[in-house]
Every structure is written in C-alpha cells, then in structure tokens.
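Taking the form predicted alone, here's one chain by itself in structure tokens.
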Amino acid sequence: MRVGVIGCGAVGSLFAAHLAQLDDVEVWAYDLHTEHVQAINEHGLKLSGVGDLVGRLRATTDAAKLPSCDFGIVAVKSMHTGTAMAATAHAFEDGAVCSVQNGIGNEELVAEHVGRVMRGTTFPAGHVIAPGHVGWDTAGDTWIGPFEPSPARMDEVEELAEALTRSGMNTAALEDARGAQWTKAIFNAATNPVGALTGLAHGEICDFEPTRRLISGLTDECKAVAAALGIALDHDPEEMVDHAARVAHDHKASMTQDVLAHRQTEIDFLNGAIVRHGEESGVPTPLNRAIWALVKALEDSWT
C-alpha cells in the first residue's frame, strides 16, 4: 500500500509517522515547508510527547514528484485544500482520498479534484517543535467513512482504517461518518475561537465560568443546526469539552496558535460553516456569527 499525506504539519505528521512504522505501507508526504521536508528526508519524522517514535518516509515540496498512491490523507489547513488538491490530484487518479481536517466543507473541495473521497475526523493533536520534529500533545481516535456525493468504496474505507489502527492510530470505519465529523466540528467551533480570542489554553477557558458559559451557548446553536440537517451526533460535545479540559488542560488549539502567529485561521470552516448551514436550515446562530465576525476582524487587522 502506498499512502500520500498532503500537508505534513502537526496532524499530518501524526498520520505519516505512524503509517511509516508499517512494513507493508510506503508513505510519501507533500508539504511546502522546505526545511521541514529536508529534515524529514535526512533524519526521519520525529514525534515526542504522548508517544515517542520516528517515521521513515519520503517527503517532497514538489507535487509533481508524488507517485501514484492507493490512498491520500489530506491534512492541510482548510483554506488551502483546493490549492493542495489541484497540485496533487494526479497522484490519486486511481486512489481514494480521506480528509482528516477540521471543520465542515473540505470533502466538497477534495471531490472537485478526485473521484473517490472519504470524510474523516480525528482527535489526536500536536504542534510543530522544529523542522522534522512534531510534539504529540493529545491522543484520541479517528473515524472515517464514504463522502456521500463522491464516495470511496466501503472496502477502501475499511482497508485504510485497518492500516491506521495497526500503526497505532485507532480508526473506526463507518458507513455514515457525518455524526462523528459534526461532533468534532461542534467541539472545535465552540472552543477554538474562544481560545483564539483570549490567547488561553483549553482548560483555562473552561475554568473561567463566563467563557465556559459562552462555550455552552455556541454548542447549543451548533447542535440545533445539526438536528435541522438530520445529523445524529455520536457524542455529546459538552462532555467532550469537559473531558478535554481534564486531559489536555494546557493545550492551545490550532486556531489559538494561528492567531498568536498572525496566520489565517480556519474560522470559515467552523463557525462560518455553522452560520451558513443555519441560514439554509432556518436556525438562528447569533453567537456563532458574532464569534466568526470577531476572528475575521482579527485576521483583517494583520493585513
């Protein structure tokens, strides 16, 4: 099996380094960070934190060098999905591509470039420490399933899930992965921008009662939108918020890291997507709209 990982930041690196532990899987990574790619090729991809391992894989900044792959795993930031897929689609003409990105709407962008797509959601998280070295901050499970408008075959979903699980990334193959995806999207939409706007870690925004109450308000709006769309969540996002506050108290979400570095965030694919689906479904989302506007204003202030 050959797997191409598109985007070798924190999350992509977790998948790439784990899959590279398997003798029957050849892993390629595509990323635009030249120093990161060079370090991976010279020394391997190192993970440290929750677990410590080094993955030996091939990495490139030149999409044309990606060979034909059986599977793709897309882990770029959501705002780069279209560009990344346009560059790498040739490698997946005969393969199936799985998004493990944050938010809602990435699979539609992937499907513009490849024929067989999986929707996925994953909870392991981390941060880049240095080129070729990623901190593995939190463990967790992954869920993948066919993307309904352009679905991968179920046997392909099961084959990828089995390989990921063997590699140490516990992954469930689902016929309908919308519930898992929306559960995490709600968790992220309710917590990430609050951390980003305050600069605080996840546990800190949960410890402070006014921001914890805001998280609940955002969650309630998101759950109402999911219900209007007929999506059954597979976990209660409120329970996930409190669990994360216990096990990852000091973890700063990727959006917080982006804001601190004055980088564009994924807010359009989180709260922005909730607002859009709410409008289409007739569900009011004033808190999500306000949070979206505040983060967009921050982004605009950097230009």
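The term rigid core refers to the maximal set of C-alpha atoms that superpose within 1.5 Å between the two forms. In this text, all values refer to a predicted model and were calculated from it rather than measured experimentally. For every residue, the number given is its place in the sequence shown, counted from 1.
Beyond what is shown, the protein has a form predicted in complex with another copy of the chain; the following relates to that form.
Let me know the one among S150, N170, T211, T138 whose heavy atoms come within 4.5 Å of another copy of the chain in the predicted complex, would you?
Answer to the contact question: T211.
Residues in which of 85-93, 121-129, 101-109, 190-198 have heavy atoms within 4.5 Å of another copy of the chain in the predicted complex?
Selected range: 190-198.
Is L298 a contact residue for another copy of the chain in the predicted complex, using a 4.5 Å heavy atom cut-off?
Looking in the predicted complex, residue contacts with another copy of the chain include L298, since a heavy atom lies within 4.5 Å.
Taking another copy of the chain as it sits in the predicted complex, is P286 in contact with it (heavy atom to heavy atom, 4.5 Å or less)?
Judged by the heavy-atom cut-off of 4.5 Å, P286 is in contact with another copy of the chain in the predicted complex.
Contact with another copy of the chain in the predicted complex for A290, defined as at least one heavy atom pair within 4.5 Å: yes or no?
Answer yes; at least one heavy atom of A290 falls within 4.5 Å of another copy of the chain in the predicted complex.
Does any part of L294 reach within 4.5 Å of another copy of the chain in the predicted complex? Heavy atoms only, please.
L294: yes, in contact with another copy of the chain in the predicted complex.
Could you check whether the CA atom of K252 moves 2 Å or more between the shown form and the other one, using the rigid core for the fit?
Moves: yes, 2 Å or greater.
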